[in-house]
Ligand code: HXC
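A single chain comes next, written as structure tokens; it is the form predicted alone.
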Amino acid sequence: MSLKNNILDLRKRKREVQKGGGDKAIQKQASMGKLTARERILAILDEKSFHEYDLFVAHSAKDFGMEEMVLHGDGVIIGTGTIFGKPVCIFAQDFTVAGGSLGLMHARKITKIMDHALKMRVPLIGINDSGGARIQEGVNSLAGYGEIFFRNTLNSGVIPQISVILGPCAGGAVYSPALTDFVFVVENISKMFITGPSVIKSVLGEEISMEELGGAKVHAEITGNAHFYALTEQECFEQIKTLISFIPRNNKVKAMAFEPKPPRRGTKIEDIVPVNPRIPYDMRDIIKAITDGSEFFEIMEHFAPNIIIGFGRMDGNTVGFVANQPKVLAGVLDTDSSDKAARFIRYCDAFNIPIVTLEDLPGYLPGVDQEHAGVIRHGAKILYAYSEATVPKITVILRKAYGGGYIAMNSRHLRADFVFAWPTAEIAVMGPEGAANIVFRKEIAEAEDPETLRQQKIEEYKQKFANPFVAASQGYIDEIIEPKETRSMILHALKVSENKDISGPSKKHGIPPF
């Protein structure tokens, strides 16, 4: 056969395999409002940057009629490409081929690109759309999942790992996304669950739909398994691209730097926070008042909204923000918000992203439900994460900083590099009202006019303790600043600490309160 005929044969074979499960299966995929695996990859990557590998891999199973089945690419597409010109590794399960089920060769293709991503130190993007383990391949399917999970753990903290749920993701398959850094879901398309509705009905006798059990909103709002929620696949792909622009491609380099720009005009930061500490406000407005271009890319927006996490840029460089949200539960810390913040802090620390903490909270959420849910254990996670982090850590206290919440939100005592406070900051063991009721209980009870005396004692407590000057006198706060100085002080702190270098005692690893 001549070279020309060889080339023609190659092209013909490629076209055949690239059809996946065939026209009928592709049409069915489209009827469900879903793109094909190949379309998804091309939509995420820079134009004409995708290079596919292992196109002709075939399964080797021989039982239950498998030897007669031709599964093009064994139901998964792998390769490399670029986003904003930066290299990434990517795989996408192809639901048109045997429902995207995972067999031995399917898993080997995924682990091959995972190994490649680690070796080349580039981000890994995985698109999940699969019916789960391929039953006909028995334990080989389970072995494949195990090999993937091991690599997720090996890659953790070295390269960014991104999971995109664009179809069913059931049983053991959900654990790979759970081990990755960021999970994206799309309304009416994404499904994640350990046991399906039919199993729940057979065991508990309860009727439940896939959406109620593990739809996109469930994981974005209730379980916290999803970090980003979108209404369409295209919106999801834009979110992925934005995320890639904020994070470094591995743990040895910094994120892409952009041209510095000032916050948008029009809003004065000193006008955002009400003088009355009982009146809530949106902490996002504070973040946008200090970031470049007033841009903020929020993560886990719909889960545990009493705390805000996400990325912004200051002087063109990526910064991670952790901030209490006074609009929701007064910004208290609880089990979910502690988990949310702690995981993000550890991500920023692993990938050399400075952390700016904006504090305004009355402490940890009290109550029997929280105690029984393990608020002690969960609350300790944020203490551990801040204490362990070695990246630049900067804190600004805007209003309330009471009790354990004051310590937990990156205080000097957890080795914050810089702590600033506004003149409105109230730093104390508890709020003035509660403190006065305890400290002056006997005097108030015996007074002729208990309420008048109580108000006097509240003011007395405020003057003595609920202000930033007491903490500043002990060196716990570096500087009390005017609100309008917030951005400039943070920028200076970031500049001073950009070459920060510290190390702790020699050990294999610590033991966080998982």
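Everything numeric in this text was worked out from a predicted model, so none of it was measured. From 1 onward, residues are counted along the sequence shown.
Same protein, other form: the form predicted in complex with the named molecule, not shown, and the subject of what follows.
Inset, instruction - Look at the stretches 275-283, 94-102, 373-381, 247-255 and give the one with heavy atoms within 4.5 Å of the named molecule in the predicted bound form. - result: So the stretch in question is 94-102.
Inset, instruction - May I ask you to choose, among 263, 305, 131, 157, the residue with a heavy atom within 4.5 Å of the named molecule in the predicted bound form? - result: Of the listed residues, the single hit is 131.
Legend entry - Residue (of 215, 431, 87, 172) lying close to the named molecule in the predicted bound form, criterion heavy atoms within 4.5 Å: Checked against the cut-off, the match is 172.
Legend entry - Contact flag, residue 231 vs the named molecule in the predicted bound form, heavy atom cut 4.5 Å: No, no contact at 4.5 Å.
Inset, instruction - Give a yes/no on whether residue 58 approaches the named molecule to within 4.5 Å in the predicted bound form, heavy atoms considered. - result: Taking the distances in the predicted bound form, the answer for residue 58 is no, it never comes within 4.5 Å of the named molecule.
Inset, instruction - Spell out, yes or no, whether the shortest heavy atom distance between residue 32 and the named molecule in the predicted bound form is within 4.5 Å. - result: Answer yes; at least one heavy atom of residue 32 falls within 4.5 Å of the named molecule in the predicted bound form.
Legend entry - Exercise: residue 210 in contact with the named molecule in the predicted bound form, heavy atom 4.5 Å: Yes - in the predicted bound form, heavy atoms of residue 210 and the named molecule come within 4.5 Å of each other.
Inset, instruction - Pull the contact list for 141-158: residues with a heavy atom within 4.5 Å of the named molecule in the predicted bound form, in sequence order. - result: The stretch 141-158, when checked against the named molecule in the predicted bound form, contributes 142, 145, 149 at the 4.5 Å heavy-atom cut-off.
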